[in-house]
Each structure stands twice: as structure tokens, then as C-alpha cells.
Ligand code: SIN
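Next up is one chain by itself, shown in C-alpha cells, the form predicted alone.
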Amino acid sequence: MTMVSTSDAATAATPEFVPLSKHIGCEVKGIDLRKPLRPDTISAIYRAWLDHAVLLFRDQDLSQEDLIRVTGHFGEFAPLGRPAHTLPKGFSRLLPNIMMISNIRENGETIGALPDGEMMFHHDTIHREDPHKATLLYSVEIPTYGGDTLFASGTAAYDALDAEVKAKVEGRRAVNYYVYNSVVRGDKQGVDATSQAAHPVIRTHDETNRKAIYVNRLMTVKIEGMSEQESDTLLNFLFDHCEKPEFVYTHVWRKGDLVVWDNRCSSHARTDFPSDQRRLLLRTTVKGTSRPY
């Protein structure tokens, strides 16, 4: 774990941790992330993140510098994937390592990544050999409804599998594509659209040692060493199982929310939202510390 240093003037805050659902998610109360935090507070927040996979900080008023500092509490920055070409009104700059997630259009072109529509459950960067450890998302503008983010606990889903299925998936690896649905449709998405990597179907968390289902409906193509029919049958079972309501927390965004999630043991999805309403969030990501195993 990478910790940023704090000065003697760091805030002596005692956070309150309130679970958001039975299996995943925790709200952190009593913390103003504009202020530096003491090392013991950072450690308590990090421990809660490992325990719950998703942390929510409500009613934050963060600068880009604040977001960069908070990201450092969770590890080392991952390289920025898609920088913004145009900034929306009110932004004079965008700091390195911050990505805009937005449907806002300037001169007919979207300024950010992942602009519109719903997205099926997925793990961020699972198509890479070195998937990211964490993602942070901070809401700046939110539509009046929709655009909710659903988080599914791969850990709870694995724990609930019966012994026969656990034995069937033990030691198996699955192939994951970037923008898999677009790839199979033959759309031209650029070189990275066909980026792929094989990872364990069941991933062991490198810090907690807990096992989690590590396949998803959006990006996972097949399980190695199985026929197409056998692979499809098993994957569809796992997808449906992971997405059961009892393993999912649905986050309804408000302006000023910061959500941090653990990509190693959770997947997430997005609901649709009005295309004529502005949606703008700032995203940072944290490098993985080990290859999935």
C-alpha cells in the first residue's frame, strides 16, 4: 500500500463507517477530503476499503489537486487512458492523471470518455495483463435521474457458489477483450479495441487473500480449455450469479460524491440516463501491485 505523507497539521478526524449493503459498499462519514488526513485515519479508511470493496464519501467539494492527493492514499497512479481534447465551461485545465467521464458536447464532439448509455457489468482494464487495482470517480454534474452505478461483490458471489461449481472453475483462466461486444460486431474501435488478456476465472486478492469471481458480461469472451458451448454455459451461469441483487449495491449519484472501488474483487455497471442532460465526473485510477492469480 502506498501512503502519501502528511504534515503535523493533518486533520485529526475520526471517520464513521456505515455499510451500504450486506455484501458490498460502505459510506465514510465525518471526513472532509479537502483537508490532509493523519496516517492513522488513512489506514482506517484503507482497511474499510479492503473490507467493503467500495467506499462512498458524500458532499465533497474537491479540487483536482484534492482528488490527486486522495488517490495517492490508495496506491500509485495508473497511466491515463483517454485525455480530454476539449474542456467544458468552468475548466481552465485538467491535471495529468485525471480523466473526464462525460456526455457533454462542445462543437458537436464529446469532451470525455464513456459518454452515453448503459454499460453491462465489467472490471476496469481486465483486458490488460496488468489490470488496475482501484478506480476513483468524483461527480461534478449529475442528470436528474439515471446514470446509477451498480457494484457487484465477486467475493460474496464466489463464497455462495456450491462445491461442484467451485471445483469446475478452480485453476481455469478466461480470455477478456476490451469493448468485447463491439469487437464481435466488427465495429472499428481502434487498436485497443482488440486488446486482450487471460486471467484466472477465480482471482485471489493480493492483500486479503480472499477469492472472487473475476469474469464479467461485458468483456469476458471464453474460458480456456473448454468447448464454446461448455464455456458459454458456464460463463452465463457465473454472470447471472454475480449479478444477483443480494450481491449488488446500486449507487444513485449526487453532486459531490466520491466513490472508490476495488477492481480486484468487484465489478460494476451503469444504467442509462437522459442524453440531453449533462453528466460529468472526474476519474483517476491506481496501478495494480501484482498480476492476477
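Numbering starts at 1 and follows the sequence shown. Since this is a predicted model, take the numbers as computed values, not measurements.
Just so it is clear, the following notes concern the form predicted in complex with the ligand, a form of the same protein that is not shown.
R279 belongs to the set of residues with a heavy atom inside 4.5 Å of the ligand in the predicted bound form. Interface residue remark: W253 is counted as part of the site for the ligand in the predicted bound form, having a heavy atom within 4.5 Å.
Using a 4.5 angstroms threshold between heavy atoms, H205 stays clear of the ligand in the predicted bound form. Within 4.5 Å of any heavy atom of the ligand in the predicted bound form lies no heavy atom of R264. The putative spot formed by L94, R105 and I111 is not touched by the ligand in the predicted bound form; no residue has a non-hydrogen atom within 4.5 angstroms of it. Only one segment in the set 120 to 128, 86 to 94, 70 to 78, 157 to 165 has any non-hydrogen atom within 4.5 angstroms of the ligand in the predicted bound form, and it is 120 to 128. This chain appears without its partner; in the predicted bound form, the one residue of V201, I101, V175, V140 with a heavy atom within 4.5 Å of the ligand is I101.
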